[in-house]
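For reference, the chain that follows is the form predicted on its own, supplied as structure tokens.
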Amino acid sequence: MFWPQHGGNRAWGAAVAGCSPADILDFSASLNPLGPPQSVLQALGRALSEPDPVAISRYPDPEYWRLRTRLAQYWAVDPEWIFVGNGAAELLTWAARDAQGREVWLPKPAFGEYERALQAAGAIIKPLGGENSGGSPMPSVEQIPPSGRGNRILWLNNPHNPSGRLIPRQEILALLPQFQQVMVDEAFMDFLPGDDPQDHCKGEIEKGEIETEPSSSQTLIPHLAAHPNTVVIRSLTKFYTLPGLRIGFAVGHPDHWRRWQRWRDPWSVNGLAAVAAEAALADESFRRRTLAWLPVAREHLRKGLQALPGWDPWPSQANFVLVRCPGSATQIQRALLQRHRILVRDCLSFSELGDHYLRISLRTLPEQEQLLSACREILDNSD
């Protein structure tokens, strides 16, 4: 089997471990271990148990008006500013096509799907940062040369994958006028406290009437009316643990969607994904429970990794921790699989990092103790 380019490939991990995929304890996919919410499972059950289960027996509305309206209510924007897609990956494809033939400034290391989408669209990638410019796996927007808009495009990921670093919103806002187009992937923004639209998105985006926000809020969504050149892409699969259903959305000026709609296939979001998304957005108790659990689990994992000899975890504000390992990270990954049936994500797809880093997702505290114990056993046997 091919070496996996993404987390969550239990089939590959099971082949290495010699077991069933169901036996793999997966720390490689950055998903919320508390989900999926019971409210989502119940909504799906109701949709499938109807005498005529329209979620699968009818074509979806090609405009996805009901889901867009629900998302618009949640984020206090006009539904015309919402575009739903088959996960964030589909939306990245259309954002890349918008960049065809133009320069795209891309802070690195970066999620591999950015380069794939941009190269397929014929964009000209201008990489910035990486380990070859200061030894840090975190991107630095300060390296972007100032300029007028020109024909330049900027792609950012905030919080950043794989470092977990949050780029302060004010730094990004200062960059937006310098580019003709900007794409900001906020796939992990849900995991930040204060990212609650009910608290900070009371105005209507098309009018720019945004009330005062809590300082912890970092999404760009309330500022898009002032920056129609910018698109924010969000995922609903990571926070609500729905990767098998593939559901994401973008927020931005409707002019973007008029182009994207011409390029996409019809009905790219299936009916069950739409049902799940609506139920997830309504589950406020699940959101608050996750945000209460997350900082405790993240600090527990970071301190546990820091206690391992030679291991250097980076501060993170996402639901994963990037750690620099002594020796080969892929050898540690293989040993964890073969001896303990534990899958962690290597960072070979982040070419600047090489075979020195693991990205480890948060799980429950007992599962994290199981991982840390397995790492200590591997280190003891390597002496």
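Note that residue numbering begins at 1 and tracks the sequence as displayed. Quantities reported herein were computed from a predicted structural model and do not represent experimental measurements.
As for the form predicted in complex with a small molecule, it is not shown, yet the points below apply to it.
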Is every one of Trp94, Asn229 and Trp257 within 4.5 Å of the small molecule in the model of the complex, counting heavy atoms?
no
Looking in the model of the complex, any heavy atom of Ser163 within 4.5 Å of the small molecule?
no
Is there a heavy atom of Ala187 lying 4.5 Å or less from a heavy atom of the small molecule in the model of the complex?
yes
Does the small molecule come within 4.5 Å of any heavy atom of Ala89 in the model of the complex?
yes
In the model of the complex, is there a heavy atom of the small molecule that lies within 4.5 Å of any heavy atom of Arg298, even though the partner is absent here?
no
Which of 117-125, 235-243, 275-283, 73-81 has heavy atoms within 4.5 Å of the small molecule in the model of the complex?
235-243
Quick one: from Thr290, Ser217, Gln181, Asn157, grab the residue that has a heavy atom within 4.5 Å of the small molecule in the model of the complex.
Asn157
